[in-house]
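The form predicted alone is given below as one chain in structure tokens.
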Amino acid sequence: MRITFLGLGIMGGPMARHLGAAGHDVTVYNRTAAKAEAWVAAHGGRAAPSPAAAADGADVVLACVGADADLRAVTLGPDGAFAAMAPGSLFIDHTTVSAAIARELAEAGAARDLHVLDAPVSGGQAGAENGQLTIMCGGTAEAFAAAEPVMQAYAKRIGHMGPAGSGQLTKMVNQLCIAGVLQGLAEGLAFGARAGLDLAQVVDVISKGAAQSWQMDNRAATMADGKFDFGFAVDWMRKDLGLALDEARRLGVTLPVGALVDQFYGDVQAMGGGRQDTSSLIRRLGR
């Protein structure tokens, strides 16, 4: 298929690479043109000077950019992709954004006879590199059916969660759950260290019981060692938690733990840890 990918960050770049490796004809666009040229030099395909130029003639356009404003710019802006996309073509958004803009793009796409899917991902940089992402999708059944075979190039689990916006809402649930688990893990490890326990031995034992989690399996050792220069950045988690807290206010839902952990991440940012992995929560506790 003729595929366009907009946004070549630490998530988008590997996803686009997997699409090329699957045999698709890939065109890329990145706001920093040098990054797009470097991607083409490494993986083939071609780079385009604007989202519209990249989307012209594409069967499928995918995006993984920064936030609502960035997504709106590459889709509906003066050089946005939507104006260049042919009727019947497919747009898949892998950016984590608000449910409101997901619905806005679905409506704008429908007016142009485009299939639009909001499809945020979980799994971090390692999941993108290894083609093992979990993808939460919102949109019509037709859009999901068209998108699923494309996304299988870099996914281990793909779910259709409901109408437009449902993928983004599910990602908010995901981030709230992660935040709470990480805070609990940080407190447990800090407590264990202060009590004089061997943290490696503690984790080995409790990870075989009800305390087990992905975060414990993949982050406990590095948290204990004070290593955070990898993974999903605190800055990004605060953006995601902000989306969840905004949506919660709209829904009239109280999220006391989510709001508290968001404040704790603000403390980590103030400590200079904005680009560190989300497991750096433990820094607040003296580790």
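Start at 1 with the first residue shown and count on from there. Here the structure is a predicted model, which is why all the values come from computation and not from measurement. So that the term is clear: the rigid core is the largest set of C-alpha atoms that superpose within 1.5 Å between two forms.
The discussion below concerns the form predicted together with a small molecule, not included here.
Contact with the small molecule, judged by heavy atoms within 4.5 Å in the predicted bound form, is confined among 91-99, 138-146, 201-209, 182-190 to 91-99. For the three marked residues, Gly12, Thr32 and Gly66, a heavy atom of each sits within 4.5 Å of the small molecule in the predicted bound form. In the predicted bound form, the small molecule sits within 4.5 Å of a heavy atom of Gly124. Heavy atoms of Asp70 reach within 4.5 Å of the small molecule in the predicted bound form, making it an interface residue. In the predicted bound form, the small molecule sits beyond 4.5 Å of every heavy atom of Arg46.
Heavy atoms of Leu8 reach within 4.5 Å of the small molecule in the predicted bound form, making it an interface residue.
Residue in contact with the small molecule in the predicted bound form (any heavy atom within 4.5 Å), chosen from Met151, Val116, Met172, Val74: Val74. When two forms of a protein are overlaid on their rigid core, residues whose CA moves 2 Å or more are considered shifted, and Gly258 is not one of them between the shown form and the other one. After superposition on the rigid core, displacement of the C-alpha of Gly231 between the shown form and the other one amounts to 2 Å or more.
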